[in-house]
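Quick heads-up: it's one chain on its own, the form predicted on its own, in structure tokens.
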């Protein structure tokens, strides 16, 4: 039987992929995660091909016109905005329909915006107040053309957006933000909170466990009674209270999770230290006058590192789930994009009423897959460090 290596575990490659997305995934999107890119509750582009997609186009002095093929019904919104360095007298934004009819959208000047839902714009188009401006401008199928016409220099960008019912891989949320971009941004927060909270909790638990196991006496009794007390307290209400008192910042959340996550590590390290402190080589070190700090740092701590590595890996899912739970309850910073915050907003803004199930699946599956990957990785490391479990690492 051949022993499975680390690179043969699905969890290893899953974590590598998620880490790469956390570091470089933002480059996959042209807009930041919190930017409105399409109509609210837009479906994923692959879900319903009968719905019009969201189309964007930019005009510049080097490319003063753009053609938009259109084979669907009217979009929900027609929006044109000019981001200009200065006004361009003599220049006009034009919209040409497939039949050749041209509609003047606006003179090209700084800060101009035209929305198909705006009453003044409807009056300029000759439409009644309750008419649909987007349906009037895209009333047939074919190739439309947006252009900047006239003479004279100009600098800036003219942006067109046609809001349809489809956008991106995972659609949009209640604010028109790209769920795929939010999902990728949430990976960074989940990994950061999970890993940092576990590192701090492991460092604290290792320090207390080593000291309690080696020193014994009253310190050991006091430390273990504190561990028993903290383990007996329901964690979620305490986390909610501390999050409300200390604030909803990301690092406050990491600190809160660390304070209530070190007790298991302390017990594990204490048990290993108790089994090692009376061994012959530790007795010899004490006999020659080696300082306690030296024995703990150079001999006992290295003995616990393999077990700590597995314990840390298995502890990350707990921190990730705790962060997601607190964020879902609204006890996280609303400016920080996380998977728990995505689920909180989906529940708050009527996802089920709108039938926007695509807002729930990406963050929910992301939390599940990330936790399972860390659990599988922790199981592998535990098998490697514990001889009694190594039979499970064979395939």
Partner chain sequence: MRSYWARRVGSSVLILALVLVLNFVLFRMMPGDPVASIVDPKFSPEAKARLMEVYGLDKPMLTQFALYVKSSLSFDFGISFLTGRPVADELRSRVPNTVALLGSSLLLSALLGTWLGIQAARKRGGALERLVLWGGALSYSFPSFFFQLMLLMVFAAAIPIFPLRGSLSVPPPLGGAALFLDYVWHLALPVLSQVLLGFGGWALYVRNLMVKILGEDFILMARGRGLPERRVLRGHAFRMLLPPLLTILLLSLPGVVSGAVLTETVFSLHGVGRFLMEAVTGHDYPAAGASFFLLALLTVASTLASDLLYGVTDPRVRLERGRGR
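Remember, predicted model here, so these are calculated numbers, not experimental data. Numbering follows the first chain given and starts at 1.
The following text describes the form predicted together with its partner chain, which does not appear among the structures shown.
Note that among 54-62, 328-336, 24-32, 38-46, the stretch whose heavy atoms approach its partner chain to within 4.5 Å in the predicted complex is 328-336. Taking non-hydrogen atoms only, residue 211 never approaches its partner chain to within 4.5 angstroms in the predicted complex. At a distance threshold of 4.5 angstroms between non-hydrogen atoms, residue 234 is in contact with its partner chain in the predicted complex.
Although the partner is absent here, residue 321 lies within 4.5 Å of its partner chain in the predicted complex, judged by heavy atoms. At least one heavy atom of residue 355 is located within 4.5 Å of its partner chain in the predicted complex. Remark: none of the three candidate residues (180, 268 and 305) comes within 4.5 Å of its partner chain in the predicted complex, counting heavy atoms only.
In the predicted complex, 343, 347, 351, 352, 355, 356, 357, 360, 361 are the residues of 333-363 with at least one heavy atom within 4.5 Å of its partner chain, listed from first to last.
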